[in-house]
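Below you'll find only one chain, the form predicted on its own, shown as structure tokens.
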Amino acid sequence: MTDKPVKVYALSTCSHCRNARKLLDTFQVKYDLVEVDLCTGDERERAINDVKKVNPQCSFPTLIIGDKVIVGYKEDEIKEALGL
């Protein structure tokens, strides 16, 4: 299991985002979740700016696993980044 920090930027209504979270949950990976569409005001602006720093297209899900950024639900890449 990974000891790398994991952060997930997602939309609450996105099926790919749900699949990414489900994969992490399956392997009992602890992660910090930001559901950008549920954020408001300054919090939303900060979240969008944070995503754009690593993913200029600002698409979801955006996962940051250690220093690796994975855009979209790419199961094999996610597993590899986690060391699974």
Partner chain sequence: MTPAELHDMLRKTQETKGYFFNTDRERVDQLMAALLLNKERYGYMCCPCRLSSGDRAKDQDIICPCVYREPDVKEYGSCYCNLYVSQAWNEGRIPREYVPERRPVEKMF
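Residue numbers count along the first chain shown, from 1. Just so it is clear, the structure is predicted and the values come from calculations on it, not from any experiment.
Another form exists, predicted together with the partner chain; not displayed. Remarks below refer to it.
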Are any of the heavy atoms in V36 no more than 4.5 Å from a heavy atom of the partner chain in the model of the complex?
yes
Evaluate G66 for contact with the partner chain in the model of the complex, applying a 4.5 angstroms cut-off between non-hydrogen atoms, and reply yes or no.
no
Although the partner chain is absent from this view, report whether P56 comes within 4.5 Å of it in the model of the complex, heavy atoms only.
yes
Is R44 a contact residue for the partner chain in the model of the complex, using a 4.5 Å heavy atom cut-off?
yes
